[in-house]
Every structure is written in C-alpha cells, then in structure tokens.
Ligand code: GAL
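In structure tokens, the next block holds one chain alone, the form predicted on its own.
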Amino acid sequence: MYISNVFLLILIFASSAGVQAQLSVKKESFLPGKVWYDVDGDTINAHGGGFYYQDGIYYWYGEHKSRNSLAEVGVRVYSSKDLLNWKNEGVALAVSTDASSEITSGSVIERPKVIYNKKTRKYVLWFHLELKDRGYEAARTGVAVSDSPVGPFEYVKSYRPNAGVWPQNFSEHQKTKENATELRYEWWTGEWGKALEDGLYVRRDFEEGQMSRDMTVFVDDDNKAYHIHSSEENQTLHISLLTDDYLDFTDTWVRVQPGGQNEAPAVFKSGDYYYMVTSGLTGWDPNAARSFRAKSMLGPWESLGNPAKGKDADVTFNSQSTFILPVEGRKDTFIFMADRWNPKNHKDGRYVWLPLAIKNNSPEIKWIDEWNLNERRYVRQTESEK
C-alpha cells in the first residue's frame, strides 16, 4: 500500500510538472479569447489594461481580479519584449490595509493607465476609483506616482474632475440655465434626453466636480496629456487637459457626444487624425463598438460607426475596448485590446487582441482566430473572414 501511494504521488507530480512546462512554452502567436499564461505558467490577471513602452520593453497594467469586481489586491504589472510572453512583475499599486484609505481593500479600482512625465521623471498611474461600500456612486478618478515603471506606485489622491469649471464647448445660455424643472424628468424620456444634451448634469455637478468612470489617458506629440472619461451618469464623454506634471486637471476640457452613452474609451493617433474607439452602455454585456476621429484632441469629434467587421461585429467579438497600442518600430501597426468579461467569475475574464487597420481614415477590426506580427501575416482565419 505504501509503495502504491508513493508511486501515485510521483505520477501526480510528474503530470503537474508536465502541464506547467507545457504552459511555459514560448508563445509565437496571439490567440484572442483563449486563456493566456505568463512565462511562469500562471494565468495573466490584468483586466481593463493599459500599456506603456520603454527601452524595448512593454508594460501591461491591469486590474487583479478575484471572483468579484472589488479590489482585493490592486493593480498588477507584467513586462514583455515581444507582446506575447509576459513576466509577472508583481503588484504595481497595492490596495491599502488602512480602512480609512480611499483605495482600501473592497474599493473598486478599474482601467489603470500609466504615462511617463519627462519633466518630473515620474511614472503616473491614473485609474477609475469607486469608494468601498458605495457601489458606483462616487465616480472618481485616482492618481498614483512611481520612480519605476513596475512600481511600487504611491497613491496621491482622487478627483471629481473640473470642479467649478465650465467646458469650453458650453454656451452662456447653458451656464445660466436653471435645473429645477429638468431634474424632475423621468429617465429615458424625450424631455430628459434633451435636458441631458443641454448640460443638465454638468450644471448639477459643477461645484463638486464632474463624474469620472471608464477612463483612459493619452500623451500627445507635444507632451500634453489628456484624461478621457465617461461622465454625466455615463451618458457623455469628457476630455480634459492635464497639468504639466500630469497629476491634476487644468481648466481646459470639453464634452464629447452628449447623450451618446459611450464607455471604455481607447485613443490613438495616426497621420493627421486622432481616433477613439468606445463601447455602448450595457453593463457587463458586450455591444457594438463605436469609433470617432478628430483633428484635435479637444474636437470636434466625428462619428464613424462600428469599427468591428464580420461575424459578431454587433457585439465587438464578445468584448469591450480597453486600449489601442501602436506597435513600436512598425509604422501604422496597431493592436485593438479588449476584455471579454465574465461577471460570474471576474478572474476568468479573457483578453481579445486583434489587428486594427486604418482604411479611408477610419479604423477597422476583424476577427482572427490566431495571428502574429511577423510581416503582419495571419496564422489562421475563421472561415467567414477568408
């Protein structure tokens, strides 16, 4: 009996070691929607991700998820030289053990994005923050800093952006209009919709600051940084110019697509245009993506429709945008990065990365089962895309 048990343990150990070795094999292609393992054979846990490139290394920052959507660990960071094989660099921003902290365990920390400030030589991490036990009512954005791209990041503070400041594309009439009647309108009625477009929630939140939920940040060629976030009860996008140190908001900001219900903004630049891809407003369920372009980050932004093409385009291949990455050293090569959420087990959310092309000054995304960056060749396509 003893010998049999020992033999069984040896078999189990050998089997586990074999699986681990198999998972650790160097990857040569992207497999959208499949489980993605790091170089140690562990599942990559970096949802709602943001990406930063420096000195030949890409850094992937994302929400470390457990079964639910609450922050229990913080923001995790991975590094890679080829975008395929990722090393776990640990926790970039850890939740606090102080119950009074805004980022205490049980808060909500989403969509982390990192940019580098050349003047201060600091790495700046922005993220959507919801306070513990308050659901999604806080609607704040938080910021942290570090001397290293892998952290640890030190939490600075959170904001309701643009308190006491009107948007640049707001009329004098909109600034002085009273909200007394409009605030009583029922949601989704025509009267409410017109009032929303006319700045109902901008006026309501003027003193406290505007709401900020799904967000991203973008650094332009002139090193000016912009904070793009879903605001006004998730009905309208706001784009705000950050201060020179990237840690605060200037008085320059605009509303984009009032009442358009855009979430999950991802911004990039190609040629003469700035482009933005967003999702609609359907909670954890996927929907058809939207795309926009402008000659300036502050707009005006022109609607281009759904950039996804082919089968399942109406649900963006069952995913939601988080980032669009320009591949270093490859002109006009972009990767659309998205999350396939699993609200029953958030840790098991998958990553959908697909090539994004610019055709006739509009972004276009098609599904590919397996692909790589070598000469932009696609390894295997679905029958519907051949």
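The first residue of the shown sequence is 1; numbering continues from there. Everything numeric here is computed off the predicted structure, so don't read it as measured data.
Beyond the structure shown, there is the form predicted in complex with beta-D-galactopyranose (GAL), which is absent from this document and is the topic of what follows.
**Q** Is there any non-hydrogen atom of residue 229 lying within 4.5 Å of beta-D-galactopyranose (GAL) in the predicted bound form?
**A** Taking the distances in the predicted bound form, the answer for residue 229 is no, it never comes within 4.5 Å of beta-D-galactopyranose (GAL).
**Q** Does at least one non-hydrogen atom of residue 353 fall within 4.5 angstroms of beta-D-galactopyranose (GAL) in the predicted bound form?
**A** Close contact is absent here: in the predicted bound form, residue 353 is far from beta-D-galactopyranose (GAL), nothing within 4.5 Å, heavy atoms only.
**Q** Can you tell me whether residue 283 touches beta-D-galactopyranose (GAL)? I mean in the predicted bound form, with a 4.5 angstroms heavy atom cut-off.
**A** Residue-level check for residue 283: yes, a contact with beta-D-galactopyranose (GAL).
**Q** Would you please decide whether residue 317 lies within 4.5 angstroms of beta-D-galactopyranose (GAL) in the predicted bound form, comparing each non-hydrogen atom pair?
**A** No, residue 317 sits far enough from beta-D-galactopyranose (GAL) in the predicted bound form that none of its heavy atoms falls within 4.5 Å.
**Q** Using heavy atoms only and a 4.5 Å cut-off, determine which of 30, 59, 341, 334 is in contact with beta-D-galactopyranose (GAL) in the predicted bound form.
**A** None of the others qualify; the residue that does is 341.
**Q** Can you pick out, from 206, 273, 136, 170, the residue that has a heavy atom within 4.5 Å of beta-D-galactopyranose (GAL) in the predicted bound form?
**A** Of 206, 273, 136, 170, the residue with a heavy atom within 4.5 Å of beta-D-galactopyranose (GAL) in the predicted bound form is 136.
**Q** Would you point out which of 252 to 260, 110 to 118, 292 to 300, 180 to 188 contains residues with a non-hydrogen atom within 4.5 Å of beta-D-galactopyranose (GAL) in the predicted bound form?
**A** Contact criterion met by 110 to 118 only.
**Q** Counting only heavy atoms, which residues in 214 to 228 are within 4.5 Å of beta-D-galactopyranose (GAL) in the predicted bound form?
**A** Stretch hits: a single one, 214.
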